[in-house]
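Here you'll find one protein chain in two forms, each presented separately as structure tokens under the names structure 1 and structure 2.
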Structure 1
């Protein structure tokens, strides 16, 4: 058991090292530009709007870049190992195929965590700089002004504070990470039987879209009154087992839009994610164990 974890860690670390040495983190530069531009370009909008732009664009960019890595990166993990035959050198050691697969997945999770963390740091840096600059501007404006103006500046400063130090952003980032973990898990599962990385990317993307439509279909078919189709029910049952309901991650948008989402709900989403990942990985291991290399 302990030995097994030791091997999984070695494979995960190797996977992370590979990605880092291939300069995957260069994506941070692009992210930095987006965060800075979205933070400072819209200076003539209202206070609340300015922060909304910054949060929208930044979390959106995190999500998109994360998806790119989760999708493209994961789709290539197995094909690269198999084409280069490096997988032979690993499996010839006392390593189980399941350990190899879990190790690869954990490496991808570590890579996604690293990128998300670094992007979050850049994001927080930009948002705090913006806070500082705006508060300074308010203070400058209020200097020597009448009492009414000063009261207004104080109000503004309070609002700036509230917008900039919004703890709900942590929820949004954690949920984004959970979504990426599911996408990476899907891509890994599909790549265990795919014949090429392109197939994996395309299929994963399709499943991702279906995952978004799933609950819409469920709502339309199952609440459709008395004539609920039995076949449709079964179809949806199977679908919801195979395809994760991606709509549960839509709360991210609500959080950014400013509505309060309780942590209990976030934890529910995370548990669903955990269960789904367990299913994905178990199926992936079953398929991979039978695969001809």
Structure 2
């Protein structure tokens, strides 16, 4: 058991090291950081709108560039190992295929965690900088003003603190990471039978798009009337169970909009993510074990 975990950890560490050396992934991360910082330059709205724009723009940038890193990084894992023939050297050792696959996925999760952490640090820096500038502006405007203006400035400062130090942003970042983990899991599953990285990226992206329509398929399957024939219902039913429901991560938008989303709901989404990833990895291992190398 411990030997298996040690082998998985070694493969994951090696995968993370190789991924960090890839120029394409580093460039995507750099663009993600630049996008988050650039949001600071365009946030010239009212007090509440400035922070909402910064949060929406920054979390959106983290999601988009994280998606690209998850897609491109995961899609290259197996093809690169097969092309470089390093997979034969690894599997010739006492390493199970399941350990190899899990190690690769854990390495990709570590890469996504690293990129999300770096972008989150930049995001926090941008938010805190905006907070300090806005507070300084309020204090300057309040100097020499009447009591009513000073009271208004104090209220604005309280609102600035509240918007800038919103703990709900932690939920948004965690859920964004969970969403990217699902995308990486889908890409890894598809790469176990795909013949090229391009096919993996294209197919995973299509499944990702379909996942945003999955709730529509489920609704049609459950509530469709006579206009939906039996074969269509079966197809929609299978689709709704095989494709992840990406709409459950739309709660991120509600958090950014200021809605109070309880942690219990966030934990439910994370539980769904964990169960779906467990199924994905199980299927991926079954396919990879039967693949001829």
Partner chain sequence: MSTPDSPKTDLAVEIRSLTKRYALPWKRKVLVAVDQLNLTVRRGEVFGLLGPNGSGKSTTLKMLLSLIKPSEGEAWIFGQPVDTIEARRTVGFLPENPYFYKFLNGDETLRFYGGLAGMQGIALDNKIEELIKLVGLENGRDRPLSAYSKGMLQRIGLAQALIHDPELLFLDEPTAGVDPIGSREIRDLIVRLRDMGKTVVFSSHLLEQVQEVADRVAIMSLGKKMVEGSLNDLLTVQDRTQFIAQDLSPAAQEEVRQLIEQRGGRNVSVSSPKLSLEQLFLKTVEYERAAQKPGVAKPTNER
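Rigid core here is just the name for the largest C-alpha set that superposes within 1.5 Å across the two forms. Numbering follows the first chain given and starts at 1. Just so it is clear, the structure is predicted and the values come from calculations on it, not from any experiment.
**Q** Structure 1 or structure 2: which matches the form predicted in complex with the partner chain?
**A** The form predicted in complex with the partner chain is the one given as structure 1; the other form is structure 2.
**Q** By the 2 angstroms cut-off, has the C-alpha of residue 277 moved between structure 1 and structure 2 once the rigid core is superposed?
**A** Not so; residue 277 is displaced by less than 2 Å.
**Q** Quick check on residue 12: with the core superposed, does its CA move 2 angstroms or more between structure 1 and structure 2?
**A** After core superposition, the displacement of the residue 12 C-alpha between structure 1 and structure 2 stays below 2 Å, so no.
**Q** Hey, core superposed, how many Å does residue 23 shift at the CA between structure 1 and structure 2?
**A** Core-aligned C-alpha shift comes out at 4.4 Å.
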